[in-house]
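Below, in structure tokens: the form predicted on its own, a single chain.
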């Protein structure tokens, strides 16, 4: 059931209760968790935080806590499955679900006792009507009851009514079959694509605003949550611009409110500002040259995996009139005279080289006088910490580190995340160049396919879902810009990497075709389920994103090489 009043129907309900927070491993969920934690601390609400990496974790966490807790808050998980069917909870368990995954399961939508959805209904949900999906048992009960009444009459009368009763039964069965066929068609149309709705962090920030307890920290976390959706290509550009405008109004409100405060110029102050900044990843914490080389937008535009692309980059730098010595050193060490109008200079030269979207609407933050970060910097740093490949860290450890990095009191941890993010971006750029130069992308009929073999450099990094998805999107964009095959430009991409070599499992990600006007809807969730059924291979649909899948190696063989034997290399 959708909640109409988030303050009354959610916050006031849990205000005097003990609550379990079940949080998915993505940046938007972490930001939403930080906002909710701040609200709970403010009102002294007791809670237990449990990170859940997938459906198995979610089930285990519920079993461990169901005896002590009645209220469960699920952040970015739980909306797109029949939660009651999966968890089998007692009747007194209540689930509050704030999840960006769409479509929302119809049982969750129409359950008005245990499932409470903290989801914006102005999103394009397209939920089917109740009568199209659910058939009341009373109707069937009445029909069978009438038949039994007729059966109790004397045999002489029964013969008279037999013909009419048979016709009515046949008519009912035909109507039921038609209704079930229509139901299957409606559900298929509703459930076939996976996509994302409004950021969970934005939802909880709106709650804080309604409660008049919103702070600049909460606003910054909401901005990071929205930026995560843009960085990982989960929402359309129109949705991003619309939500940015909403956040900009809140930023203006906070800026005016704090203008006269004494600490507005103190060393501990926090200033959030709207920026029309460059699409160069981490450029303020890197050298400009390395940022251009390792940012998806510029690397793909120049085709830096080719010699011509490298020459074009040198021409681009010369056109801007920037000395190589300045471009190759840390951004903070560049001459102030160059940095002052750097954005305008880069934008002017970028337009000549076809990069008309080099600048993007975003937000920046100053912590005191020294530390400045863009929202995208925070996303990349936190994602790198969350999927850190260090041996000693468990998934819970990396979750806590990433959560800590969002606090302005842990700047050192944030800087360590930025260093990890740089390594990750370099690995992605090198892997993309390798895949394209060695023609590792195959055309498998209706889609493109690329498999990272064991022994590929940095392959362990890509056993994580966010890193592999980012690589997949980067690779498809680069491939579309470099291939001469027009048919291949319109195909989606399936990418796989080793998950656990000893168990012989792989992680598989599917993304839709590259398009500027894409609605960001992904059909691979259903496709993977069908492929697993057709090959009888064991797959683990354990990720909250249905387009990401863990499977045996033979799942790839069966799905790709048996079903589509005619393979060709796309060049």
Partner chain sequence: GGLCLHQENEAKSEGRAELIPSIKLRHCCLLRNQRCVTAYLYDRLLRIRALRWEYGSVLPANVRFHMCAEELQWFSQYKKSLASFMRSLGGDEGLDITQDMKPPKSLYIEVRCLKDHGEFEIDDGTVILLKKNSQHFLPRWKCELLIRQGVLEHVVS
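This is a predicted model, so every value here is computed, not measured. Positions refer to the first chain, counted from 1.
If you look for the form predicted in complex with the partner chain, you will not find it shown, but the lines that follow are about it.
*Asks:* May I ask you to state whether residue 543 is within 4.5 Å of the partner chain in the predicted complex, using heavy atom distances?
*Replies:* Close contact is absent here: in the predicted complex, residue 543 is far from the partner chain, nothing within 4.5 Å, heavy atoms only.
*Asks:* Counting only non-hydrogen atoms and a 4.5 angstroms cut-off, does residue 397 reach the partner chain in the predicted complex?
*Replies:* Within the cut-off, so yes.
*Asks:* Although the partner isn't part of this model, could you tell me whether residue 49 comes within 4.5 Å of the partner chain in the predicted complex, counting any heavy atom of the residue?
*Replies:* Judged by the heavy-atom cut-off of 4.5 Å, residue 49 is in contact with the partner chain in the predicted complex.
*Asks:* Please run the contact check for residue 69 against the partner chain in the predicted complex: heavy atoms, 4.5 angstroms, yes or no?
*Replies:* Answer yes; at least one heavy atom of residue 69 falls within 4.5 Å of the partner chain in the predicted complex.
*Asks:* Find the only residue in 341, 409, 129, 333 having a heavy atom within 4.5 Å of the partner chain in the predicted complex.
*Replies:* Result of the distance check: 409.
*Asks:* Would you mind picking the one in 480, 403, 133, 87 that has a heavy atom within 4.5 Å of the partner chain in the predicted complex?
*Replies:* Going through each option in turn, the one that passes is 403.
*Asks:* Only one of these stretches, 520-528, 23-31, 58-66, 504-512, has heavy atoms within 4.5 Å of the partner chain in the predicted complex; which one is it?
*Replies:* It is the stretch 58-66.
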